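What follows is a single chain, given as structure tokens, in the form predicted alone.
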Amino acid sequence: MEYDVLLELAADMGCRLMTSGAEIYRVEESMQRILNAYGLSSAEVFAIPNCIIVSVTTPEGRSITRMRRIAAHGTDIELLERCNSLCRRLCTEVLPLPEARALLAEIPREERHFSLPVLLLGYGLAPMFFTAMFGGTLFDAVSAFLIGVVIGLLQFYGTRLLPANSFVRTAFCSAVASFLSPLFVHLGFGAHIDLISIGALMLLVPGVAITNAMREIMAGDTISAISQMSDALLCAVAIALGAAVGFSVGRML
């Protein structure tokens, strides 16, 4: 058995799952199940949002450890589903290690990438429906749609200019949305500043991070929960600061 290759396979699977936004328990359990399927029952797996450590003791008594540092990541449900499917297949069929690593390497290449117009359409429709759900008028919803498109452009290009600084990107997008909301109302293209701005800011709310943090607390993964909740709180602070600056500038103008 090539234990080094097996640990690389498990670590790669954990990184893929973590990058897709999987919960900590899912990452640890998936890696554990893969190692157990290939005959390693003495494996130890530890994961937090930015790091994975896996250690095994071979039947000969040799200890092998792998640690992976994980960069900033978001949520990709399709990638998560593909990784889960491959993990289940490896646990049932126990494919040869080279074939298993090749299948895992193919997952990012099979990932769908949407064009910029499709992404902007999604960014626009989400706040439009939120504004309508909160009781806004048709013009309020259209204003929220336009602001959502602007936020989508800022996020698309901001991710390339500031890939690691999500706090600044979120604060800037919040400020722009809060500035455009009263501007549209002042121009007569909408009637409710609060509904338009809330609908647009819903794009920036870290709902998945908060939900995962609460799930980690209930599962007992305290370190992971604190890390994810801290990220969510920083994002909320960025939204609040950006909104305060945007509304202040809008009132002055």
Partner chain sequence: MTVVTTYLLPCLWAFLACLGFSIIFNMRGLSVWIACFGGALGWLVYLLCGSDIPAAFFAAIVIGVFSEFMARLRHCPVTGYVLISLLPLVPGGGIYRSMAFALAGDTSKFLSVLLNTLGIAAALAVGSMVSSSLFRTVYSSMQRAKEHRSQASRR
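Residue numbers count along the first chain shown, from 1. None of the values given here were measured: they were computed from a predicted structure.
The next section is about a form of this same protein that is not shown, the form predicted in complex with the partner chain.
Not one of Y3, I70 and D221 comes within 4.5 Å of the partner chain in the model of the complex, counting any heavy atom. With the partner left out here, the partner chain still marks one of 61 to 69, 32 to 40, 209 to 217, 46 to 54 in the model of the complex; by a 4.5 Å heavy atom cut-off that stretch is 209 to 217. The partner chain is not drawn, but in the model of the complex it has no heavy atom within 4.5 Å of F145. The partner chain in the model of the complex is not approached by C15, whose heavy atoms all lie more than 4.5 angstroms from it.
Within 4.5 Å of any heavy atom of the partner chain in the model of the complex lies no heavy atom of D231. Contact between E78 and the partner chain in the model of the complex is found at the 4.5 Å heavy atom cutoff. Of the candidates L103, V94, L119, L153, L119 is the one whose heavy atoms come within 4.5 Å of the partner chain in the model of the complex; the others do not. Applying a 4.5 Å heavy atom cutoff to the partner chain in the model of the complex picks out F134 as the lone residue from 134 to 148.
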